[in-house]
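So here's one chain in two forms, each on its own in structure tokens, numbered structure 1 and structure 2.
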Structure 1
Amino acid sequence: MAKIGFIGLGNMGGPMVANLISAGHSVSVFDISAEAVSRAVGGGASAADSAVATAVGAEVIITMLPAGAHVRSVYVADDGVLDALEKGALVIDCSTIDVPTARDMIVEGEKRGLEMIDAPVSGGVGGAAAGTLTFMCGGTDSAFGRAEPILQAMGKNIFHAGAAGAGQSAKVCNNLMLAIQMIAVSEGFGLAEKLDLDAQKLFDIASTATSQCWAMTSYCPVPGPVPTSPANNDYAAGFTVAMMLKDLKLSQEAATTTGANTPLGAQATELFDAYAALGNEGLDFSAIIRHITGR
């Protein structure tokens, strides 16, 4: 079992720490929220006084942070985490950030004799709690090989997408497609309502027809057809509007940088941005159906 430092105990990080502890790892944690740290300590973690303190003596550092700027600050600011680690330590960044920052941080780690991967996740809060997350990893074969058994304590599907930054590339492409699919499903069910077609009937038909997709069959945005979907809990978040908007903006930054054509992605970004601006950032992203149908 490994000695792990974990930085970032939000909705995703907290459950991930709990699963690492359940797997027998020793975990030192830090977050700017004292309440989040207290919860983790109650589950068996030890509290560190700072992000850097989690790195002292750690074999592995895992971060789950909001954005690339936070990752840079934690890793390479004055007295950053990378400088506090012993050579040979493993660094796993599970944050969803821009590809250039992910690549830069891996280079910075390698300069210090560390192995590092970018490993953003998919699966939402439910997947984090259940230990069934999907990890999309970028980095060397050696770094991925060392990280995989650690990630298996928190996830069900662990993929090596390629070299540094490939994990972030896979995540931004996945969520671009997911956002578009959710909007399409919402439009379809909205039209069905106007046509007096029962939502359950449409679900029964479409879920076995050519429009079948995860956004409909596992996360249906209308109440009823999928009892576990947020639509049946007043759109309490598994993955918030704000988080989806962040990922869509990353997709559009990447599209601009690479010259990729993403017209539906651009429109999806505008729709989620408009819905978030109305004060709906904390709702589940499937609540976009309310914006589309005018509810």
Structure 2
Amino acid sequence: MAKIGFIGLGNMGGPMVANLISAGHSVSVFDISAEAVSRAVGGGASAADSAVATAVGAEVIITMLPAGAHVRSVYVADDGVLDALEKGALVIDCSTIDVPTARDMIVEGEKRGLEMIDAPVSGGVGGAAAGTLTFMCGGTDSAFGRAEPILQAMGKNIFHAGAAGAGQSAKVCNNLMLAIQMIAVSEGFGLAEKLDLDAQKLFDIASTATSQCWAMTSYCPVPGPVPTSPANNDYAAGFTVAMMLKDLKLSQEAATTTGANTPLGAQATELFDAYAALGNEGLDFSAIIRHITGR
């Protein structure tokens, strides 16, 4: 079993640490939120005083941070984690970040004799808690081969998408599609309400018909049909509007850089941007149904 340092214990990182501990790994944790650290310690992790302190003697470092700027700062700012690791250590960044930063961090790691992959996830907080996340990884065969058994403690489907940054490329495409699907499901359920069609009836039909998708069947934005979805808990996140907006902006930057045509992605970005600007950044992203239906 490995000696792991884990940095970023939020909605996703917290339950991921719990699964690493259940699998028998020894995990040293750090987060700028003392409350998040004490929750992880309650579950069997040991607390480190800083991000760098998690790296001392660690065979593996895992990060689960909000965005590229946080990842860059933790890895390579003054007293960065990459400088504190011993040569040969393995670094796994599970945060969803921009492709250029992911590639840069892997280059920085390799300069220091480390092996590193980008390994963003899909599956939400439910998947993190159940240990059924999908990991999409970018990096060398050797780094991926070492990371795979560690990731198996937290996930069910572990994919090697390609070279450095390929995991983030897969993730940005996935979340572009997810945002559009959540908006589509919201429009469908909004129209059903206007047509006096019961939401549960629409769910029963559509979830076995051609509009079936994860945004409907696992994360339905109306209360009732999927009891575990945030809609039943006043849209407590989950995956926040702010995080979805971040990912949509990443998709639009990538589309601009590559010349890809994403008209619905552009529209989805505008909708989430407008909803966030009304003070809803902290709600679950499925609350976009309120914006669409004017509730």
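Here the rigid core means the biggest group of C-alpha atoms that line up within 1.5 Å when the two forms are laid on top of each other. Everything numeric in this text was worked out from a predicted model, so none of it was measured. When a residue number appears, read it as a position in the sequence of structure 1, where counting begins at 1.
In this comparison, the chain shown as structure 1 is the form predicted on its own. The rigid-part assignment between structures 1 and 2 places Leu178 and Ile158 apart. Of the two rigid parts of this chain, the smaller turns against the larger by 8 degrees between structures 1 and 2, per C-alpha superposition. Core superposition places the Cα of Ala192 3.3 Å apart between structures 1 and 2.
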